[in-house]
Each structure stands twice: as C-alpha cells, then as structure tokens.
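Here you get one chain, nothing else, as structure tokens; it is the form predicted on its own.
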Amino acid sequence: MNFDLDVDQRDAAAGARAFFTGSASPAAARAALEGGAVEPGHKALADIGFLGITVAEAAGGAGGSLLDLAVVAEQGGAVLAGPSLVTAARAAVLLAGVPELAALLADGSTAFAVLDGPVDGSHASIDAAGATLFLGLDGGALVVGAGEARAGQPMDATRGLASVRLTDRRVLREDAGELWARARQAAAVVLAAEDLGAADRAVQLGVAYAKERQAFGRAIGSYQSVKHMLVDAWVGVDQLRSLLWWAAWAADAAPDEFPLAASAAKAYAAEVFERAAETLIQVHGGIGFTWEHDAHLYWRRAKVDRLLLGDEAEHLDTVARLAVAGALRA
C-alpha cells in the first residue's frame, strides 16, 4: 500500500508554496500586530480556489478531500499566512447540505467564521474579526447569522480572533451535534497542518542559523547541545507529518478512525510546534528574543494555536477514550 502523497497533491503543495511565499510572510504577520492587513487576505485565497477545495463541485468548489486541503494549509502555515484555511475546512462540512451558502464560501463573496461557545457571546473564534456571516451551535441546532465581533489585543493577529454575539439567526439544521463534531475534527486536522508547516519552517531557520553562526571559532551547529535541540525538533516535525497525513486520509477513507486520528494530530501538533518555536529562539540566542527577528512570531502562533479548538489535554483524553473503546481494533 502506498502511504505517500499522490502526484496531484505534491503538485498542489508546490503551487501553494509558490503562492504563499509570494503573497505572505512573517514580516506581514509582524505588521498585522501593528494594525496592518493580514496577508494574503480573504479575497486572494478565494481567487486562487483554496477556500473551496473541500466544497462540492455542484456548489462551485473543487470537490477535493481533506488531505488535498491539508497539503495546501501546510504551506500557508510556513509563512504564517492568514486568514486560516481552518475556517474553510470547518464551514465546508457544516454547509455541505446548504449549497447556496457553500457557494458563497467557495467564491469568497461572503467571509464566514465558525463560533466556538455560546452564540450570545462566543469564545474567541478563528477569523471572526473579519467575518460577515457566522455559523454557530445554538442548543443542538446549527444556525447562521450576522453578529457583533469584539476583538481583543492579539498575541497573533493573523488568527483574527474575536468573540461574537449573534444579532440574528436562522436555523440551518436541527439536531446538528454530530455534524458539528465532524466539522470540528476537520478543522483540527487543518490547524495541525498549518502548525506542521510553521514548525517545519522554524526548524529550517534554526538549522540555517546554526550553520552560519560562529562561536569560539566554530559553527554553533557543531556543538552537541545545539545539535540535539534541532534534531529533537526535527524528529517531532517528521513524526507529525506522518500523523497528520493519516488523520487527513482517514476523514474519507477510514471514518471510524477519523475522530481519534484528528485528536491525535491536534494534540501532537501543539507539542511539536511549541518545541520548534522555542528551539528557534534558543538557537538564535540574544537576537532570537528581539522584536525585529521572526522567531517570536512563530512562538506567538504556537502559543495561540495550542489552545484553539481544544487544548492538548482535551485531545489526549479523546485519544485515550476512543482507543480504550476500540476505535482502532479493526
């Protein structure tokens, strides 16, 4: 059995890498902290088709798999791009039965956000600060409506976090608990993909600096303590990539495994990304703590993403519970 990406997915990843490298950067993420625009922005993501990757073709999307979206999201994470493709993944699941709204998601004519917590005053939710239409779970019903967003002082401005109070609502589906859970699992996988891209980039930056920085007449990468930090971070990234591909593949190919795999990927991504970001700062020494260096931008995102869509403890508890229940027995 071939567990690798196929040719089309590798081509999509290469195309996404070229797009994100040319339209987003850590410098833009820094500027966003000072009130600048988030790059590449909602319109650019819609124009290139990324928002509709998992939207059905009948609704104007590409009809792709979650793995197709994950390989693209990984490239966006490497340059701290925004808004997040997490929102596109989650909304596509929730709107699968509402083609007229799914079409608005795919073509980018409406900026959606999905609310976590009560719709009368949600928790901080991804991309809510720039959204015009909100999806939420009201009791057990899936609802959509306009709302008032209140953004705080962001640690990572590219995430567009804001709490929202819906000002009107329309019920799209009663008894939507299972659909909501599946959408959250899909979102967790794409968030892990973005974190994988960012963690991988942080390790690459650390390795490059360790090769060129001299101390006591030698490159600092020749010292075992530096080597070990970077190798540990790299091993985590490599393991996360395998775990992520399994989780994204399971969404369509092994739905019984998907809840466990999604939680495993989200939990491990939190650990791996934080370790990579902290390693990047440590390898750079004094300069790694400065505002001018990019290292703190990766650290900021790692700290924020660790708590989005459930923290590490919640997802590890889910993994343990599902494993004991025999989710992988087959």
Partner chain sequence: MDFDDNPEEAEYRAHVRALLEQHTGELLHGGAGESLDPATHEAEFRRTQRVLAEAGLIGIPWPREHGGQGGTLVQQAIAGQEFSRARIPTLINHIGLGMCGPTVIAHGSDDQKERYLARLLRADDVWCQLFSEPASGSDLAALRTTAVRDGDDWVVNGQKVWTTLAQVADYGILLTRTDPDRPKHAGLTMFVVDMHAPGVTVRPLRQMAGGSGFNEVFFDDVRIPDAERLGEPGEGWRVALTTLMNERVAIGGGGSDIGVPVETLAAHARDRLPALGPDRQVLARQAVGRAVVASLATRYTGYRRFTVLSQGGLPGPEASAGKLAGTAAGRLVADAGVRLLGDDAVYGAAADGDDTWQGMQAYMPGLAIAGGTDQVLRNILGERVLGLPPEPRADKSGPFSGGTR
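Model, not experiment: these values are computed from the prediction. Residue numbers count along the first chain shown, from 1.
In what follows, reference is made to the form predicted in complex with its partner chain, a form of this protein that is not presented.
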Q | Val319 within 4.5 Å of its partner chain in the predicted bound form, heavy atoms | A | yes
Q. Does Ala313 reach its partner chain in the predicted bound form if we count a contact as any heavy atom within 4.5 Å?
A. yes
(Q) Is Leu67 part of the interface with its partner chain in the predicted bound form - any heavy atom within 4.5 Å? (A) yes
Q. Can Phe134 be called a contact residue for its partner chain in the predicted bound form at 4.5 Å between heavy atoms?
A. no
Q) Taking Tyr223, His228 and Trp234 as a possible spot, do all three reach its partner chain in the predicted bound form with a heavy atom inside 4.5 Å? A) yes
(Q) Please pick out the stretch from 300-308, 265-273, 57-65, 39-47 that is in contact with its partner chain in the predicted bound form, where contact means heavy atoms within 4.5 Å. (A) 265-273
(Q) Which residue, Asp116, Asp138, Glu257, Asp107, is the contact with its partner chain in the predicted bound form, using a 4.5 Å heavy atom cutoff? (A) Glu257
Q: Could you list which residues of 200-221 come within 4.5 Å of its partner chain in the predicted bound form, counting heavy atoms only?
A: Val207, Ala210, Lys211, Arg218, Ala219, Gly221
